[in-house]
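Here you get one chain, nothing else, as structure tokens; it is the form predicted on its own.
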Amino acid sequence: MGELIKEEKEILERAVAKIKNKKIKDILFVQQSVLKAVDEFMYKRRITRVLPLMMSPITDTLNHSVEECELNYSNQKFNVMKSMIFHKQLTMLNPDIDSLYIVSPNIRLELATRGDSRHLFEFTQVDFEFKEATMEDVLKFIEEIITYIFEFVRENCIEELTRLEVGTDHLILTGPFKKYSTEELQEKYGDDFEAEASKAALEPFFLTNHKREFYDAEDLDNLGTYRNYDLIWPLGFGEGLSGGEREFTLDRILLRMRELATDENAFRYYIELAKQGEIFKTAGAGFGVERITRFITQQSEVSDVTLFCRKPGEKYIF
């Protein structure tokens, strides 16, 4: 076997240096604390935990450019899991389950963007969904779980945050999160409104009304607007959570699919359940574990909170 060339040695050195990073143990303990807080919060409310899937014949359609990652197994086509949005809805077919959460690994082969500090192509999100819930119900739930997480971290990660030279002022929330529409922030900040509004904010806020995947419900009382939302981290950390009310009737699902040129054949079993009236009205969301860890620990890059980075556009050996 030949010797490593100079470029390969440099890549190996960077990978080892990342593993040996003196900050990473404290960062990972904060991340562990976030997940412990999530489990405690969900357990107290008796919200059912569902174990994640890593691949499926159907997954999130994602109304933006990502590379597909399909594979064939036993004469059937699968895709890696981009998110378990449809599986959350399908779980609600069980009459005894009206709320659920998943700590869900996701793979989204994002295109590399210069200067991008918050995307990973492999990441984990805390996903949750509620039967018969509205946007307002879920926004209230998000405020409550984020407040719980921040309080838990402030109480249990004092030593780690001190060593990381991070205070806790950014984890003290003063009241209900403010809510803005995309239209009003675009009018105020221009085309890069999300990033600019995030830089200007001192606390998390909600951003509503995004036209995106077919499953996010349109407001039938105000066509052209959507009952969905993002949670934006302040201090320039950007979007950390996405969710919405879901389309659930056959006519609405087909209309939205056709608007976005979705492959209906790939979703034929899902469509058949909608035809049978088996898809329930639900609403939910998911937040990135790495992104909330990055915000709490105030790291400059989302890759700073991972041992084995999966940032688009870089070369990996492990």
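A quick note: this is a predicted structure, and the numbers were derived from the prediction, not measured. Residue numbers here begin at 1 and follow the sequence given.
This next part talks about the form predicted in complex with a small molecule, which is not shown.
- Listed residues 88, 119, 131, 227 were compared with the small molecule in the predicted bound form; 88 is the one with a heavy atom within 4.5 Å.
- Of the candidates 110, 127, 160, 218, 127 is the one whose heavy atoms come within 4.5 Å of the small molecule in the predicted bound form; the others do not.
- None of the heavy atoms of residue 204 is located within 4.5 Å of the small molecule in the predicted bound form.
- None of the heavy atoms of residue 26 is located within 4.5 Å of the small molecule in the predicted bound form.
- Using a 4.5 angstroms threshold between heavy atoms, residue 83 counts as touching the small molecule in the predicted bound form.
- Looking at residue 285, you'd find a heavy atom of it within 4.5 angstroms of the small molecule in the predicted bound form.
- Residues within 4.5 angstroms of the small molecule in the predicted bound form, judged by any non-hydrogen atom, belong to 236-244 and to none of the other stretches in 165-173, 189-197, 236-244, 149-157.
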